[in-house]
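Only one chain is included here, represented as structure tokens and corresponding to the form predicted on its own.
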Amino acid sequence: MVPKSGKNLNIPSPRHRPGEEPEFDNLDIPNAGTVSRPDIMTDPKQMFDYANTVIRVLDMKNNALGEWDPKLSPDDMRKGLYDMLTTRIYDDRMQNMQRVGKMSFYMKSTGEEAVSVAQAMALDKKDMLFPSYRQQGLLISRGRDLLDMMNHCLSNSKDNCKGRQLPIMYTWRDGNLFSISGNLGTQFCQAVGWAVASAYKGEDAIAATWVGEGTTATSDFHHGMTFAAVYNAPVLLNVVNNQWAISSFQGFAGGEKATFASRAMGYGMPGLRVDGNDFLAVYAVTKWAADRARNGGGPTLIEHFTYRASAHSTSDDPSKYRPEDEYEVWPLGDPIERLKNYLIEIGEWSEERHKAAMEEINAMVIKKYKEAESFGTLNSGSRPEISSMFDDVFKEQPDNLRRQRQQLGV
């Protein structure tokens, strides 16, 4: 019972609990194609409405509508679909391997594949990526070999992180993907700093970074926003609002009070809210923000309105705090099914080609996994040399580490 003195307190609570029938009648989602596309250099003061709507291109009847339609070629859309399928099939395989004890931890991105894949395709490969932990599609879209990703997750002898990072906290120097830390939000500040340095050097490469909606409640989010706005940094600041943190819904981060995109207004930057399950809309919004940044328009905050279909991680049981079938009634559907159905509608795909693509990807993932397993897993195979723990820490090894290494005889 709330004490009398606190009768006006708001205690956030999700609409649906386990065992209840989920529905999303409370969401105000505009029809696809109804939101206008502003000039890339529009004054943020004139863009309040874009932070309080949902930019959509694909409707639920397989039509691409409105000014935001990026008019991608069928080849580009097929690549997007293939990369999203690869991400999902890869995720399923790796979670299965965690469940049988061959790796310590995993996090799937089921239902959020369009966010990472569409954004990777809309950005230049020279742009620097500072992901959170559900953007494995960035790596896949940029061409990272699944074998290398698997070696990292298995912490085996070919792990490019040498067993020093938690699985799924990838890094890929040649692909311009920066590793994250377990302290969520650090990447927001790091991305802004990198973008400022790029602009200071006169380069046109920009940075992009991602956090979940729960991380907007941390100090690093606000530090990054302030730094980006003050220095007019060429950076895309992405908030993936998938409705749930590990066990608390988005209301605990303030999502019931205002959209996450609207936080941009207080910092003097544009805020865009996009249907995160609409591949074409995500691509278009990302391209808009990237073009703005490259033309000196500074940062943009993008809220991707989506839903986390799977558990937060292999350490989580979402059936304890939400209905098991909640994702099935999410009104914005599944990003893979929506792009697939649109391609079929325009005669550039078919159920037969889709089935063949899934079989091809599944065979490739299995082949890559068997090769990765040959280099070891969490509980088998060789390990990096003990002496490697002293490498890659300092550019020039200090005396205290040199003495420790000598004491170990390595």
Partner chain sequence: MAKMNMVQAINSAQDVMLERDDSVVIFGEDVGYFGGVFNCTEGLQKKYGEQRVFDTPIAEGGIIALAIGMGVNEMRPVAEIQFSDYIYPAFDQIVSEASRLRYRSGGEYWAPITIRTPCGGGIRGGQTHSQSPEGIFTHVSGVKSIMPSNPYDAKGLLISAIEDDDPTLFFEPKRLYNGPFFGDPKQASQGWDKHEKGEVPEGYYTVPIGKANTVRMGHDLTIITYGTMVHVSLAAAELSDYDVEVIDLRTLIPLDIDHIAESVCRTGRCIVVHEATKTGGFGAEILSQIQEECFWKLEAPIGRVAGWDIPYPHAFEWEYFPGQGRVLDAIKKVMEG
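Residue numbers count along the first chain shown, from 1. In this text, the rigid core denotes the largest set of C-alpha atoms whose superposition between the two forms falls within 1.5 Å. Here the structure is a predicted model, which is why all the values come from computation and not from measurement.
Missing here is the form predicted together with the partner chain; even so, the following discussion is about that form.
The candidate spot formed by 46, 178 and 230 is out of contact with the partner chain in the predicted complex: none of the three has a heavy atom within 4.5 Å. Not displayed here, the partner chain is approached by residue 163 to within 4.5 Å at the level of heavy atoms in the predicted complex. Remark: residue 378 counts among the residues lining the partner chain in the predicted complex, judged by a heavy atom distance of 4.5 Å or less. Residue contact check for residue 17: one or more of its heavy atoms lie within 4.5 Å of the partner chain in the predicted complex.
Taking non-hydrogen atoms only, residue 82 never approaches the partner chain to within 4.5 angstroms in the predicted complex. A heavy atom within 4.5 Å of the partner chain in the predicted complex is found for exactly one of 167, 335, 137, 131: 167.
For the options 245, 97, 290, 72, the one in contact with the partner chain in the predicted complex, meaning a heavy atom within 4.5 Å, is 245. Just one listed stretch, out of 316 to 324, 278 to 286, 234 to 242, 85 to 93, contacts the partner chain in the predicted complex at the 4.5 Å heavy atom level, and that stretch is 316 to 324. Shown without its partner, the chain has no residue in segment 287 to 306 with a non-hydrogen atom within 4.5 angstroms of the partner chain in the predicted complex. Annotation: Cα of residue 398 displaced by at least 2 Å between the shown form and the other one, core superposition.
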